[in-house]
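The chain that follows stands alone, in the form predicted alone, written as structure tokens.
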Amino acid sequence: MPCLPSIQATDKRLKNYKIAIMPGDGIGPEIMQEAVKVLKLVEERNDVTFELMHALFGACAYFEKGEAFPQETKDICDQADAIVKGPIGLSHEESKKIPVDEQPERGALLPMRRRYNTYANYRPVFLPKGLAHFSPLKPQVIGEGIDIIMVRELVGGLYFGEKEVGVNEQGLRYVKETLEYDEAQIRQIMHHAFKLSSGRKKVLHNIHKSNVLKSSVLWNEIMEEVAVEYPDVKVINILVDAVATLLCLKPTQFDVMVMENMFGDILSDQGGGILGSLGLMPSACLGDDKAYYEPSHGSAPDIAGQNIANPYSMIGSIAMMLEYSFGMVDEAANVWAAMQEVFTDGYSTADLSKLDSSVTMISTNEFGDKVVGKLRAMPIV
């Protein structure tokens, strides 16, 4: 996968990094193990050392510590130069064993985003022409390949607004959740999107719903103000429901897309669908002072422990960390290339193998081992 232009400033003299490692729930520990294999090889190949600080996060933390984001984990994350987390969450029935406010997404994930103000979420949707057989879309729709970056605002909107649950005067249960943004929040995510666009095809799709939502009206107003600073970037404004259709009909028209929190949550999952699996979608969650990296998919408790989960998105998240947090752009590109070579050789995990009988199915750890083998054979940069 082509590397993305770095956004965060990095001290090139710093060669010792502390990394918080939070495997999470379900398949998280399995895919994190493969990501750590790659990380250790990167350490061997480069003038760098990684201090891996393991911590509990999510449902596993609640059952052991009584909190989904315990203080010990916060302390580790506070010290870390970057955070890597696996997927969190349990099945619907198992989740009922945890109080609502301590369930992993509410009790751990949203508080972590708030604590470190990781407001910019980058989710690459990448599938080269040679791997078009993984996608449920027709080859003629994939064309020369899909290469999209979805930029999602991550700490505002409906997910972080005021919430109220109660019984009204008519005796009916009700819920009220507030969608709230201010112009500073919108402005900072727009700068991320425009900078990315400037370094790529110079086309930015602005995703909104201004025909219904006042929040989108303000969103578009701020976008137009920021756009003046990037005259080389062409802005295409498009309604979110139209985008959902066009991602299936003509995904190759998109390059960089910017959107608010809930739109990004939904459309990025659709991005995984057009690739053939959410297992192909890593992500970076960037703040001005701290970043964390995670797969876009869930914890898949139904296949946990079976050694069949796809570790691509977890390893890809490591590649994004190398680039964004540590400035190791060339080595990040090598990690992407190593994973693509495993696919090109005709291997994949079960989530993708079913789509093409010519693909050889391998296990989680076999995929990780093959990536390590490919990376080890590459010249040191």
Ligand code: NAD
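On a predicted model such as this, the values are computed, not experimentally measured, just so you know. Residue positions are given as counts along the sequence shown, with the first one as 1.
If you look for the form predicted together with nicotinamide-adenine-dinucleotide, you will not find it shown, but the lines that follow are about it.
Residues placing heavy atoms within 4.5 Å of nicotinamide-adenine-dinucleotide in the predicted bound form fall in a single listed stretch, namely 101-109, out of 225-233, 101-109, 164-172, 74-82.
Contact between residue 89 and nicotinamide-adenine-dinucleotide in the predicted bound form is found at the 4.5 Å heavy atom cutoff.
Residue contact with nicotinamide-adenine-dinucleotide in the predicted bound form: residue 294 places a heavy atom within 4.5 Å of it. Remark: residue 303 counts among the residues lining nicotinamide-adenine-dinucleotide in the predicted bound form, judged by a heavy atom distance of 4.5 Å or less. In the predicted bound form, nicotinamide-adenine-dinucleotide stays beyond 4.5 Å of every heavy atom belonging to residue 143. The contact residue chosen from 35, 27, 319, 68 relative to nicotinamide-adenine-dinucleotide in the predicted bound form is 27, the criterion being a non-hydrogen atom within 4.5 angstroms.
Contact with nicotinamide-adenine-dinucleotide in the predicted bound form, judged by any heavy atom within 4.5 Å, is made by just one of 118, 135, 206, 299: 299.
Within 4.5 angstroms of nicotinamide-adenine-dinucleotide in the predicted bound form, the stretch 260-284 places a non-hydrogen atom from each of 277, 278, 279, taken in sequence order.
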